[in-house]
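Only one chain is shown below, in structure tokens, and it's the form predicted alone.
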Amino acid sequence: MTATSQAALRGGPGRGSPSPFQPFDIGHATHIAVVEPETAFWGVVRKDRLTETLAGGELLDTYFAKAEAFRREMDLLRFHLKPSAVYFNPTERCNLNCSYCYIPESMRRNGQHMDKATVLDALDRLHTYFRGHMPEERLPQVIFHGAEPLLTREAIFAGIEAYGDRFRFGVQTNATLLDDAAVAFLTARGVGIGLSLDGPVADISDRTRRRWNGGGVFDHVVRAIDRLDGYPGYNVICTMTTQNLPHLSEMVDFLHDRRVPACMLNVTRCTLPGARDGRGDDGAVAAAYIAALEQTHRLYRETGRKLVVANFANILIAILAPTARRLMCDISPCGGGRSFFALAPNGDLFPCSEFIGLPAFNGGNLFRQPVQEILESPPFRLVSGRKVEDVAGCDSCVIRHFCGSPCPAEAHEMNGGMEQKGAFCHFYEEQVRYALRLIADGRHEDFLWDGWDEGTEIACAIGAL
């Protein structure tokens, strides 16, 4: 992948051309950010040089030389991608009843399963679609998702075995069914594995992630983490709620102690009312989140071993190299229906798994219609056409292309329409401020995967003047 790296400016003399930049306070003692919102071109400058920097100099000269290229890059990233991944939901059912789940309870209790023949048929059709526009050397990605995909273990393992040379596979699981045999099968084939755990001890984690009878699953997940020790291709997702916010830094300690290579500290997606009950206040979420990130840094400095918080790393990359970002939630339009889509067990396609259970966002059926036709359906266009320029408040926000105003599903269901914001505007703003503070202090590489920029090109790098 080729990406643009827009490096931080430490300051410099300014004169001449009028400035298209807007100042953005990052809460730093000596530095402030300046951003050109349309192209996401930015710099970090000394506060005592802000006026002269905005008046002219190398930053402006570089912007005017590069602006059109960056504008084309953002347009390509936002409006001209084709899907390269699918969230494959082989079952609607789950053996857990997590408090914030976005899939309706009736589906999780009594929903459909795919059998082996249906999984193989679906993979064949998906392979045909992806090969129509992706180069041979690039494999599309299939993430078995849910509800709980390992309830259909025989079927999805057959699919992984049959199509292992045609897709990159991943499995997102609650880990209760991830026994020794399953771990051996998945790790031998290089399958990405995502687990879910919401706290460093059972009393905290089991408050939100529990069985239908109310029993917790903390011990099951910890055993799965122990089985995966040393496997580089797994991560742990922790969903931030009012129940675990005071313990996020302890959660970081817990995961680091167990040599987990990466995690995600995710906000609660407020698509369904149940999730909104556990939603934390923006300020409290941001404070706990940033404290947890700082804890990962302390642990890295002490041990030399990183625990990458992948969703934050993606925000950093969105600033440093927009086209290199790995997750497509923090962009507008989001990746739903553009860089990925979701497959339900009956073959229906939705822009994202967040929309499964919302019939109005069913774009068509994989077994009856061409995928390209479904991608152009009104439900998909409603999601892929949601732009920050059309969201009140986001339209004038300086950092709109670092955040993307997620999530369209919760904006629609919680706040009444695609033109509304999602649930965590202030949290995303504070996350970007923190990322820019790290860049100003030269600490940002400590929060990223080693080698994250392989295959990128530096199109713009301005150092201290």
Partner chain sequence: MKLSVDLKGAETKPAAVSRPDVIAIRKTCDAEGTGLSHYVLMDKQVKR
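This structure is a prediction, so every number in the text was calculated from the model and none was measured. Positions refer to the first chain, counted from 1.
Here the subject shifts to the form predicted in complex with the partner chain, a form of this protein not shown in this document.
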All three of Ala40, Ile193 and Arg325 touching the partner chain in the predicted bound form at 4.5 Å, heavy atom to heavy atom?
yes
In the predicted bound form, which of the listed residues (Ala411, Leu59, Cys397, Val432) lies with a heavy atom within 4.5 Å of the partner chain?
Leu59
Just give me the single entry in Ala175, Ala321, Cys270, Ile160 that has a non-hydrogen atom within 4.5 angstroms of the partner chain in the predicted bound form.
Ala321
In the predicted bound form, does His127 come within 4.5 Å of the partner chain, counting heavy atoms only?
no
Please determine whether Ala284 contacts the partner chain in the predicted bound form, using a 4.5 Å cut-off between heavy atoms.
yes
Applying a 4.5 Å heavy atom distance criterion, does Val201 contact the partner chain in the predicted bound form?
no
Quick one: is Ser84 in contact with the partner chain in the predicted bound form, heavy atoms, 4.5 Å cut-off?
yes
Where, among 370 to 378, 110 to 118, 91 to 99, 180 to 188, do residues come within 4.5 Å of the partner chain in the predicted bound form by heavy atom distance?
180 to 188
Going through 290 to 305, which residues have a heavy atom within 4.5 Å of the partner chain in the predicted bound form? Please give them in sequence order.
Ile290, Ala291, Glu294, Arg298
